[in-house]
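First comes one chain, alone, set out as structure tokens in the form predicted on its own.
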């Protein structure tokens, strides 16, 4: 490491992946990718220099990064980073069944069998997507931290599009994990595919939701999206320091009901797992909200200095510059069963799953689209609903929630500034009040 820098780091990332797409019984694509890259960063006089290099030319890469930092002096915002004690970390995930040892033809036979269960009367399009990926990381920095890790990820998405009554309706299910081919032992994918087709067909006869502000129950999938999108991005340190969050300056204030506890925990064996982040800080559970009080932000080495954080959420796609990112972010459980929540609501709307949406961390407002829903009548499920939207104000929702007694996680990919990383969000069932089928101000 270069002694003339304030801080420097070297990171090598090696990736390998395979994806298979089967649509309507036809193999649409089989894609295999692999490669590696080395990235270096140096901090000199409060200015970052970043460069990509190779294993053979690391020293040259560090010199290049140092020159970049020197050339930007006076033109770039002054930075400083937290430093930690010397440590050595090693994590290698053990797979019960290594997908790389299974022939592609055998995988195709299995996936085609799953896809058959999607093809039902009324289904116009059926699709199965399979992927496996592997990430090796070698990290070292000038403070004496060294880390090596190997993390595999495997997943399956099943999707069905139904046609009838002059409309098309889509429904999908996905199962991802920090796992190998044993994911097929963990989940009954033919059964999941059959259920997916059934829901897609039922959506053809589903009703439109009643609009307006009303009592609702969110399932864990939609509740997790709310926690990730509406709250999680608002506590990312870089967004806070850029003045883009409604939660700026709220540390120590009561912002939610006393039953609300929110965490980000990369050490959980969920899809956002990592043993250490892309700045060499060990992945550990971090509190965001404790008993309704805002207790901390998610931070990187740099943002931790200004926000009194501990870092650990600096993540990057490949060897790009780390950004403050979530990992496994979740709202902790309460003490109510789903039946008790439905009884509490009496009459309202149940919303399940997510088809995306939008949120503004600065304004604290959100709008999400559920995959489907049900009317709640006299504390029980009634007619099925489709094209259900949900909108509201983040802080208002957090102050008015009744929480279910079991947290469930849902995996996905989160994009930010052109970089995408694996995450998982979790939530129990949530009863609250929000606007259904309308705008925030509706």
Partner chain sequence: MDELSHVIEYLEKNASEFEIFHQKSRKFVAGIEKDQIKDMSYSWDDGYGVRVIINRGTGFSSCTTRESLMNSAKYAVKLAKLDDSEEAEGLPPSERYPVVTGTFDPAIQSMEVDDYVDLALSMIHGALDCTRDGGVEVLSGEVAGEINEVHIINSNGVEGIEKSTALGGLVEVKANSSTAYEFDVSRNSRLNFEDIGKRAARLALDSRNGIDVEDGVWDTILTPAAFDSILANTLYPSLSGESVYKGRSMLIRWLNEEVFPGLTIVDDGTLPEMLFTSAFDDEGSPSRRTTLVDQGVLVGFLYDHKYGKKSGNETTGNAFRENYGSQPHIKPTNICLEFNDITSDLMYDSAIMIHSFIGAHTANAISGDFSLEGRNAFLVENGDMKPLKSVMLYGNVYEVLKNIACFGKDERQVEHTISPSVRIRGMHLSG
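Positions refer to the first chain, counted from 1. A quick note: this is a predicted structure, and the numbers were derived from the prediction, not measured.
We do not show the form predicted together with the partner chain, though everything after this point is about it.
- Considering the partner chain in the predicted complex, the lone stretch of 161 to 169, 338 to 346, 187 to 195, 325 to 333 in range is 161 to 169 [heavy atom distance within 4.5 Å].
- Using a 4.5 angstroms heavy atom cutoff to the partner chain in the predicted complex, all of 23, 363 and 369 count as contacting.
- At the 4.5 Å threshold, heavy atoms of residue 257 stay clear of the partner chain in the predicted complex, well away from it.
- Heavy atoms of residue 49 reach within 4.5 Å of the partner chain in the predicted complex, making it an interface residue.
- Although the partner is absent here, residue 28 is a contact residue: one of its heavy atoms lies within 4.5 angstroms of the partner chain in the predicted complex.
- In the predicted complex, the partner chain stays beyond 4.5 Å of every heavy atom belonging to residue 121.
- Taking 358, 88, 291, 80 one by one, only a single residue has any non-hydrogen atom within 4.5 Å of the partner chain in the predicted complex, and it is 358.
- For the options 399, 416, 408, 393, the one in contact with the partner chain in the predicted complex, meaning a heavy atom within 4.5 Å, is 393.
- Applying a 4.5 Å heavy atom cutoff to the partner chain in the predicted complex picks out 49, 50, 51, 52, 53, 56, 57, 60, 61, 64 from 49 to 64, in order along the sequence.
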